[in-house]
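Just one chain is shown here, as C-alpha cells, and it is the form predicted on its own.
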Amino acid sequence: MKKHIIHLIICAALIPLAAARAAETVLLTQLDLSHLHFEGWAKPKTDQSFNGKPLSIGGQKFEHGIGTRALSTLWLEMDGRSERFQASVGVDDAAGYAAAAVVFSIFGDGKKLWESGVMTNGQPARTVDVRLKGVRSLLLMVDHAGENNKFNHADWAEPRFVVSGAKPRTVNAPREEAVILTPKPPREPRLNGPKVYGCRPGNPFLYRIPATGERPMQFAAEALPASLHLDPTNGIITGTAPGRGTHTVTLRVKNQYGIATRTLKIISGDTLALTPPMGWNHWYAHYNRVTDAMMRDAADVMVKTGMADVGYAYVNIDDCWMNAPEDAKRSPDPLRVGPFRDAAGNILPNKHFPDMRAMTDYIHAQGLKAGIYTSPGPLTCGGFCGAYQHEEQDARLFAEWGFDFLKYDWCSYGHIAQGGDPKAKVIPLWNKAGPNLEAYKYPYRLMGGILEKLPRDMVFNLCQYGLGDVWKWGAEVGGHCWRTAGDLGAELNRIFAVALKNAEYREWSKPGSWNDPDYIQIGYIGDARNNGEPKPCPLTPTEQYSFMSLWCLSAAPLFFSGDLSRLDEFTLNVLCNPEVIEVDQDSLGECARVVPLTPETFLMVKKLEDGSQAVGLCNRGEVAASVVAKWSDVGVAGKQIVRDLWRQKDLGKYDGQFKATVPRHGVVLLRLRSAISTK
C-alpha cells in the first residue's frame, strides 16, 4: 500500500513536468501573415523593417520579427491552450522621422490584455509577456500616437507564442452580418435635399426636387421666379437663374397618400454649392474602363434606385475620357489612344466618348448634372491629355458641352512648377524662403477666374491633396471644395483618422467652401492598387455605416464611387437615408467639432440650423466600447429627445447624458432636440 501511494505521488508530480515538456514555442513569423491588415500600399516585412532594413529598436538589433506600420492589425484564432505571447516592440530605428510615435496593444476575447503606452523613435524596446490561458481570439495592433501617420514604422521583434495545444492561426477580422437599419421610405411624400440652393444670375438653371414616396406624384412651386419652369410630373426645374437676391420658394408634392411642403431658398449671386455637392464619380469603380454608356447608365440608375430622390445630383466622369499618347503604356485600349487636340487646339475625347454634348444632354434630361475632370499639367494622373497652356480653351469647351462640375487634379503640374518646363509662365514651388504658397495657388486661381466668367455654373473641385494647406485659401481662388489629403483608395481603414483630421480644419467649412476627404467607397469598388475590376469593398457593415456617418458629420461632399450596376439593398440603405443626409446638407454648413473621450473613443458634435445637435458616438477601437455623450460636452442642457438617425426612431427623453455600446469601428449617429419646446 505504501509503495502504491508513493507511486501515485511521483506520477502526480510528473504530470506538470510532462505538460511543461509538451509546451512548444511558435514564432509569429512562421504563421500566415497575409491577414495582417494595415494602412499603406506596401506589404509588411518579415525579419526586416518596413523599409527593408535589419530590425533595430533603440539601437538594439533583432534577427526575427515583423516590420509594419501604424495603423496595423492582426487577428489570431486560438484553442484556449496557448500560454503566453512574448516579444520586444518599438519604433524601428530606420523610420526616418524623428517624431514617429506608436502604441502597441494586445486584446484577448474583446478585452485589452496589454498596452505599451506611447513609444517614440529611439526609445529602447519594450518587453511583452502576456498570459493567454483560455484566450480564443487574439488581436495584435499598432496604432498612431495621435493622428500623425508619417513614417510610423513599428516592429514586433522576436514575437513568439508558448503553446500547449494547437498552433495559433491568423484569420480575418470578425465577420458581421449586414443588417439594414434604414426603414423603407413610406408611401406618403417626403421632400428631401437642401433648404438653400446657390446659382449665378442669367446662367442656365437645373434643379431636380428630391422627394421620396410612391409615384406618380404632382409637384408645385409657389413664388417660383418667372425665369424658371417646373415640370409638375417629375419635379425638374429648368430655365434661367433669376436676378440677384434670395428667392423663397415653397415646394409642394402630393400623391394619393398625402401632401408634403418645404421651403427652398434660391440664392442668386456669386456663391455656388451652398451645401456640400452630392453625386457619383466613376473612378473607384471603373478607372480607365469608363465609357459614355456607363455615364448614361449611371444617370438612369441614380433615378431608378432613388438616389436622386434623396439629393444625389451630379454624374461625374473622372480621368481617362481623353486620349493617351500614341506610345502610352498606361492605356492598352487602342480606343483611348490618339491625338490630344484638333487643328484648332480643342481637346479630343477618346473613341469611347463619341459625343460629349449628347451625353450631358442625356444626363440633364434626368434632372441631374454632369461633371468632368482634367489636370492643370500636360498629363492627367492616368497619363492622358491635361489642360496645360489650354486652360481657358478647355474650360469654355467644357461649358459648351454642358458640364456643371470640374475636378482639377494636380498630377503632372508638380513637374512643371518645379522647373520641368523653363518656358512655362508659372510660379516655381520653391524660392529662397522655402515652399512658395503662391505656386500652389497659381493654377487653381487661373482656372477659378476662368470658370467665374463662363456663362454656366460650374462647381470647382480642387484636387491637390491638401498641398499648401488648401483649406485656408481654396475659396480665395474660386474653389468650392478641395481635397484635404491623398486618395483613400487602398487605405479605407483610415476613415476615422481622416475624419478626425478633417475636423481640425472645421473653421474653413462653410456654405460654398467644403473640405473634401475623398469619395464614399462602399458596395462594389475596384482595386486601387492596380485599377482592378469591382469587388465587394473590404469594410465591414459597421464600418460602412461609420463611413457615411463620419462624412455627414464632417459636412463633406458626398460622392459615391462604387459600381452602380451592382447596388444592393444594404448599400442603398447606407447611401440613401434622408435623415442622415440632412446632417450633411444642413444650411449652417458646420463641420462637427471633436470631443476626445479615450484613446479609442470620441464624440463628434455638429450644430444644426434648427437648433438641434447631430452627435456621433465614435469608437475607432478594435473592440466594442461604452461611450457616454454628456450634455456638458454636447453643449445642451435639460431634457433632450434623442433620435437614432439610422433607424429613424426616437429613443426617448434623456437628462444629462446618453450612453451606448458602440461596436468596433462604429458610430452611433443621433440627433438631439430640446424636449421642453417639443409637445
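Sequential numbering from 1, following the sequence displayed. These figures come from a predicted structure and were not determined experimentally.
As for the form predicted in complex with alpha-D-galactopyranose (GLA), it is not shown, yet the points below apply to it.
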item: Lys369, Asp404 and Gly479 all contacting alpha-D-galactopyranose (GLA) in the predicted bound form, non-hydrogen atom within 4.5 Å; value: no
item: Among the candidates Phe104, Tyr373, Phe560, Tyr444, the residue which, in the predicted bound form, approaches alpha-D-galactopyranose (GLA) to within 4.5 Å (heavy atoms); value: Tyr373
item: Single option in Arg336, Arg208, His286, Arg483 placed near alpha-D-galactopyranose (GLA) in the predicted bound form, where near means a heavy atom within 4.5 Å; value: Arg483
item: Tyr465, heavy atom within 4.5 angstroms of alpha-D-galactopyranose (GLA) in the predicted bound form; value: yes
item: 4.5 angstroms heavy atom contact with alpha-D-galactopyranose (GLA) in the predicted bound form for Glu491; value: no
item: 4.5 Å heavy atom contact, Gly382 and alpha-D-galactopyranose (GLA) in the predicted bound form; value: yes
item: Partner contact for Asp487 in the predicted bound form: alpha-D-galactopyranose (GLA), 4.5 angstroms, heavy atom; value: yes
item: Options 232 to 240, 92 to 100, 311 to 319, 176 to 184; stretch whose heavy atom lies within 4.5 Å of alpha-D-galactopyranose (GLA) in the predicted bound form; value: 311 to 319
item: Stretch 641 to 673 - residues with a heavy atom within 4.5 Å of alpha-D-galactopyranose (GLA) in the predicted bound form; value: none
